[in-house]
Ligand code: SAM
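Have a look below at one chain only, the form predicted alone, in structure tokens format.
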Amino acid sequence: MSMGWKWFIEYQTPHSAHMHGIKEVIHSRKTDYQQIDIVDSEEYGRMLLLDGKVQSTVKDEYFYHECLVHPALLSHPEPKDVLIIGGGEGGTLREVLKHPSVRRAVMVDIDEGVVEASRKYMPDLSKGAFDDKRTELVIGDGRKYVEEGKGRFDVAIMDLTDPLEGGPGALLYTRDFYKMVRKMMTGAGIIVTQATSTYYSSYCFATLHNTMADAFGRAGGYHVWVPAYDSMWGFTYSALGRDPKSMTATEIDTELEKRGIKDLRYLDGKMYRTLFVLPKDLLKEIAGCRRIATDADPTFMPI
């Protein structure tokens, strides 16, 4: 963690950064996989940092978690079995469990240190989700879990650390991995992954979009502004059933009401529709992308 006197500096590229005023370091630990820091910030409240990258803050985490989870689950007619790879702080699990049809949520995270620290120091992120009887927490390698083909899933959510060279998640963004996930999915299944900044690493977003389309036959993308990330943040998905992009604002509001989901803080029908509006330059980059991330040649963010 790059920390000066009261300042944490997160670099988006070697030439640009976002500074956060810090009150206090609450928890700091180096695990076998990454550096974990939990700090109290001036602007965003308590923050989880992994390898010097902001993962979640108590002030704006719902921007990210609601948009990662609900487009996939709302477009599925009855999601029952959900696989989450990553998501150690529990925000994704929390949002998944809001859907009453979910009977099993398997969350696989490689770093028990992140889960333990988040439960102890940032319990508002999970809001008891780890104690829900539908939750099956697996501490282990998400890639290995998928390789072993343990079960079938309606929805697969990849809430991973960024694809950084040498990082724990680099091989969870490849065609090889996506093809293995495809074999675990049910007929109307859908996969979604966080797909990095659509500004600072638009080439990475375009590559992941193209990679997923190659593995599944089709793909889509959307993004949302996340203040603590200082960027529009991208998600890519492949749907074997209904395309989330096809759902109207009225359909989203109706589906939320039908499922009894009334406590979303960011998403409603109108906001949902804005997620899929991508700018012309990004659409051009996606259309022109020919690169496919593979195990032998993965894609990385700049820093």
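These numbers were taken from a predicted model, which means no experiment stands behind them. Numbering starts at 1 and runs along the sequence shown.
Just so it is clear, the following notes concern the form predicted in complex with ligand SAM, a form of the same protein that is not shown.
Enquirer: Tell me, out of 128, 227, 77, 140, which residue has a non-hydrogen atom within 4.5 angstroms of ligand SAM in the predicted complex.
Expert: Among 128, 227, 77, 140, a heavy atom within 4.5 Å of ligand SAM in the predicted complex occurs only for 140.
Enquirer: Just to be sure I understand the contacts: of 185, 146, 160, 215, which is the one whose heavy atoms reach within 4.5 angstroms of ligand SAM in the predicted complex?
Expert: Comparing distances to ligand SAM in the predicted complex, the residue within 4.5 Å is 160.
Enquirer: Can you check whether residue 132 is within 4.5 Å of ligand SAM in the predicted complex, heavy atom basis?
Expert: Answer no; every heavy atom of residue 132 is more than 4.5 Å from ligand SAM in the predicted complex.
Enquirer: Is there any non-hydrogen atom of residue 111 lying within 4.5 Å of ligand SAM in the predicted complex?
Expert: Residue 111: contacts ligand SAM in the predicted complex.
Enquirer: Considering only heavy atoms, tell me if residue 95 and ligand SAM come within 4.5 Å of each other in the predicted complex.
Expert: No.
Enquirer: Is there any non-hydrogen atom of residue 85 lying within 4.5 Å of ligand SAM in the predicted complex?
Expert: Contact with ligand SAM, yes.
Enquirer: Three residues, 174, 200 and 207; all within 4.5 Å of ligand SAM in the predicted complex via heavy atoms?
Expert: No, the candidate spot makes no contact with ligand SAM.
Enquirer: Could you tell me which stretch in 266 to 274, 38 to 46, 253 to 261, 51 to 59 has residues with non-hydrogen atoms within 4.5 Å of ligand SAM in the predicted complex?
Expert: Heavy atoms within 4.5 Å of ligand SAM in the predicted complex occur in 51 to 59.
Enquirer: Residue by residue through 27 to 44, which ones have a non-hydrogen atom no more than 4.5 angstroms from ligand SAM in the predicted complex?
Expert: Residue within 4.5 Å: 34 only.
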